[in-house]
Ligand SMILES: Cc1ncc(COP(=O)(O)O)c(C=O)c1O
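In structure tokens, one chain follows: the form predicted on its own.
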Amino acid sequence: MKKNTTTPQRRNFLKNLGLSALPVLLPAASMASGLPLDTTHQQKQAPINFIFDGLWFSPQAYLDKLQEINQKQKIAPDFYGNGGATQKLENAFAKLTGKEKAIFLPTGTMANQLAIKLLNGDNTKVLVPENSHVFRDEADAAQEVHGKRLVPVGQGKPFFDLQDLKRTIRYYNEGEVFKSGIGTVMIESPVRRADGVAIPFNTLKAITDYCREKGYKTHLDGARIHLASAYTGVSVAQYASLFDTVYISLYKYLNASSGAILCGKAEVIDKLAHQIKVYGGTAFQTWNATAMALHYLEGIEDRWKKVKNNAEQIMSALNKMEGIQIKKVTNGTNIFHLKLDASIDLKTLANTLFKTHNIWLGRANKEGIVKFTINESLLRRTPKQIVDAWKQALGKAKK
């Protein structure tokens, strides 16, 4: 019997984020302290987290939000993905990306895998970033389920460029006696394993122009593409215009309980409903996820301008405090590097922020860096209120 190693690996990944893959995701403060904090404790202030790309909802908070959305405008149910909030969301994403059509899928993994399967046709090879979700985190689905061979590009780099791609193509074209075809080039941006680095637009354009010239199809894992857009000024439509298909997550910052959207030409998207059914992804109703994502999609650009502005004020103030240093990541988006000097105890800081102010902070990695992640929860309080909370917590965390 084949041993399933997915769960332990997922737990290790979540622990590195300062979380535990327990039945209930514990706030990072509890992981940093090693203490089992009661996550059901109700605090007066809504949580501010420096951990996730989006807001964090408990089951009750999620239900309350859906009720709020429904009271403003009745949520229309879908029927096996047809009609209702799901169709509205698909139409909104097609318009947003400038693509002919869009379709809801239950997971980003399925969106990526079905996109590269359909784009690749009878070709066997798909070129992918070595550090991508498709290559590292999708359980070899391309090979095991779809008969596609993933070829990694850019090992040891945050992202590959055109020269890396050409070298890889040349290596396989010249080195294999019995050649199999290269059909698709896939890119992920922002890059999760590179702390949210957004690949420069000119680099993406050079790669996709070359692929178009050579007849290769292109797919973008744009799970966090709105975050890239917020920090680079390049619109989602501009990014999407470079690729045949683009996947966007519904839960990372659009706060749905699950789900993904895949956008592209009608000739590709029209094949997806059957493929989703074949691989067991068709659900009776999906409105509980799509209604939430549709709500947070509206006005997202304006909200993120405010998020960035608030974050800049907060980080500027924190960087003036003794013992704190927050640095930008080169080509970064919403993840920054927080480092504390030896005079500050991280466990005490994290616990005080959580227990007293309902502010969540992750644990440090081996280099002593805490991933300081910016999201819409910063809009729940003024920058001054957040900074004042940090000042109070630092006072207790000083050794």
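All of these numbers come straight from a predicted model, not from anything done at the bench. Start at 1 with the first residue shown and count on from there.
From this point on, the text means the form predicted together with the named molecule, which you will not see here.
Undergrad: Would all three of 161, 200 and 209 be in contact with the named molecule in the model of the complex, where contact means some heavy atom lies within 4.5 Å?
TA: No, none of the three is in contact.
Undergrad: Which one, 146, 136, 308, 192, lies within 4.5 Å of the named molecule in the model of the complex by heavy atoms?
TA: Looking at 146, 136, 308, 192 one by one, just 192 meets the 4.5 Å heavy-atom criterion.
Undergrad: Going by heavy atom distances of 4.5 angstroms or less, which of 296, 279, 172, 251 would be at the interface with the named molecule in the model of the complex?
TA: Exactly one residue meets the criterion: 251.
Undergrad: Does the named molecule come within 4.5 Å of any heavy atom of residue 243 in the model of the complex?
TA: The answer is no: residue 243 has no heavy atom within 4.5 Å of the named molecule.
Undergrad: Given that the partner is absent here, does residue 109 sit within 4.5 Å of the named molecule in the model of the complex, heavy atoms only?
TA: Yes, residue 109 is a contact residue.
Undergrad: Spell out, yes or no, whether the shortest heavy atom distance between residue 116 and the named molecule in the model of the complex is within 4.5 Å.
TA: Residue-level check for residue 116: no, no contact with the named molecule.
Undergrad: Given that the partner is absent here, does residue 223 sit within 4.5 Å of the named molecule in the model of the complex, heavy atoms only?
TA: Yes, residue 223 sits close enough to the named molecule in the model of the complex that at least one of its heavy atoms falls within 4.5 Å.
Undergrad: Just one of 262-270, 226-234, 69-77, 100-108 has residues with a heavy atom within 4.5 Å of the named molecule in the model of the complex, so point it out.
TA: Going by heavy atoms within 4.5 Å, the stretch is 100-108.
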